[in-house]
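Only one chain is included here, represented as structure tokens and corresponding to the form predicted alone.
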């Protein structure tokens, strides 16, 4: 009886402690989302309509949405490729050097995104550092057009997403038991086989999480695409800004916001299903 009473008392305390968090989420997260959703379904005359969603998924707006998805996917893949190499190298360093390397990777993230973007604009310009080096090396076709196009946007967004990728992958790689790799090598497996059959499956959850995080963050990113993409390379975030600030089309902007939110939930759902499937597979192997 005393144990049950204590558990009931703890449950009541937990509920009381959860009230402020619940109110915070309702006021600052749920309520705004409901407001945006209702705004996206409201017609010019105040009635119910799907017009804004149809408009968002057709014509030029659809092209902008598909371009945003493509840029986000390219950024996620490039961040994974570069981040995997960096994280793998850091994971193999001694703790002191690993901490220093992580500091070098993370510290630029605390610099203003606007400052970093203008730094990339200077470096990638026609007479910037990159094109100057390529021209000095007599690379055919140099100087290249690296700004105000999709290439510039992907480079800029990748530099922003890279610290997240490295942090996630490095944490997962640090947790890999080196004895498993040594055991595989002891059985005569080649380095490629060890990487493909042992190491890669162990770090696969981190790869999925890092890639999805980069993709989701890039979907709604505004500053870098707006400055490095220009008018020719518009993304959804820039289109929403244009509709609100210049065209006063709040309903259309709300529809785009809901679409991005649904895409985010879909990505999180895919990641959750992948984890659930991996957990069930592990349980089946353990039981057998």
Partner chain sequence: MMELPPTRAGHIGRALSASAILLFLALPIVIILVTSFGADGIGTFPPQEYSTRWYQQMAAPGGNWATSIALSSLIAALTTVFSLILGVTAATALARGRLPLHAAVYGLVLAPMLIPQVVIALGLFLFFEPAGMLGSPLAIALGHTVLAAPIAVLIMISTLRGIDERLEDAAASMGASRMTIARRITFPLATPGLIAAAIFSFITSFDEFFIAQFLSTPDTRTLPVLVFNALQFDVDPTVTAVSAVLIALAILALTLVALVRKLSGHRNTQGGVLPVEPLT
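In this text, the rigid core denotes the largest set of C-alpha atoms whose superposition between the two forms falls within 1.5 Å. Residue numbers count along the first chain shown, from 1. These figures come from a predicted structure and were not determined experimentally.
As for the form predicted together with its partner chain, it is not shown, yet the points below apply to it.
Residue in contact with its partner chain in the predicted bound form (any heavy atom within 4.5 Å), chosen from 108, 143, 208, 125: 108. A residue is said to contact a partner when one of its heavy atoms sits within 4.5 Å of a partner heavy atom; residue 28 meets this definition for its partner chain in the predicted bound form. Of the heavy atoms in residue 274, none are within 4.5 Å of its partner chain in the predicted bound form. Interface residue remark: residue 185 is counted as part of the site for its partner chain in the predicted bound form, having a heavy atom within 4.5 Å.
Its partner chain is not shown here, but in the predicted bound form it comes within 4.5 Å of a heavy atom of residue 35. Residues 194, 199, 209, 213, 216, 217, 220, 222, 223, 226, 227 are the members of 194-230 with a non-hydrogen atom no more than 4.5 angstroms from its partner chain in the predicted bound form. Once both forms are fitted on their rigid core, the CA atom of residue 122 lies less than 2 Å apart between the shown form and the other one. A displacement of less than 2 angstroms separates the C-alpha positions of residue 179 between the shown form and the other one, with the rigid core held in common.
Core-superposed comparison between the shown form and the other one: CA of residue 103 displaced by less than 2 Å.
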